[in-house]
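A lone chain, given as structure tokens: the form predicted on its own.
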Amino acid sequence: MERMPQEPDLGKHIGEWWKENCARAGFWPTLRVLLHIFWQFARDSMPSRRRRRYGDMDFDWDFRVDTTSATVSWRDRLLGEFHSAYQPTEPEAFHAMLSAVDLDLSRLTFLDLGSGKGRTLLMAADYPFRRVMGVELLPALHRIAQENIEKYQAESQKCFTLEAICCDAREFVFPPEPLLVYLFNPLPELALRKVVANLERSLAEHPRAVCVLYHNALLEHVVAESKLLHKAVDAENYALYVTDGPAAQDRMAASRQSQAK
């Protein structure tokens, strides 16, 4: 039986966030950001804002699962403000992004860092990946993801090896196999830098094909600084990075142009 990690200590996480940001930006800028976070959290806790979060329920109705952001507890929402607020990926956007990956998906493992309640894992199962994995920090969201994986049934499903892991993405050890790593702004900048460094270390130890699919790439400069990843697709709402350089870029660019015709 899986041993469930303890619920993260809210005070400890805020303290670590404060220490890291003060060291990087200074006391007063960090204080302004902290006050903005609490103001934003209070505003988003209003009843009208909560009702708006129920707007992402269509996927849940279709497959009888729970991936909406509306039912996340106040504690986990506040923790998310210091990491990345939970927001499930829209199915239409997800399938559009996957169509840009001009590689044999059956050779790749899909890995979502910051997988939340697991919606992206379920959608990835509609593709012929070797396996599908998700990494989530918050135990409450992880438990729901496990339940969703057990419930999910779809005629379109092609991958049946799904796994949800509860751990800090900064400490996650990348499996030594070809990967498609999915990011939807799961981490603040310092944490994302550590994840990219861990990926580079893994690539140095186990050279292999790896794609990084970054949706709503607000911190793309962190990924772009990597010397082992090269941009293959630069779209309006996502960026795709690969490990095998210009050849993959040309191949994916040609594929994208043919799809546009």
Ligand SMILES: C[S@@+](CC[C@H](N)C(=O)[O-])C[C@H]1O[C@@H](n2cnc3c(N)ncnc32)[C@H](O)[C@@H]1O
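Since we're looking at a predicted model, the values are computed, not measured. Numbers follow the displayed sequence, beginning with 1.
What comes next is about the form predicted in complex with the named molecule, which is not displayed.
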So, in the model of the complex, is residue 152 in contact with the named molecule at a 4.5 angstroms heavy atom limit? no
Is there a heavy atom of residue 85 no more than 4.5 Å from a heavy atom of the named molecule in the model of the complex? yes
Heavy atoms within 4.5 Å of the named molecule in the model of the complex: does residue 71 have any? no
Answer yes if any heavy atom of residue 167 is within 4.5 Å of a heavy atom of the named molecule in the model of the complex; otherwise answer no. yes
Which of 135 to 143, 173 to 181, 156 to 164, 99 to 107 lines the interface with the named molecule in the model of the complex (heavy atom within 4.5 Å): 135 to 143
Of the residues spanning 187 to 203, the ones with some heavy atom within 4.5 Å of the named molecule in the model of the complex are 187
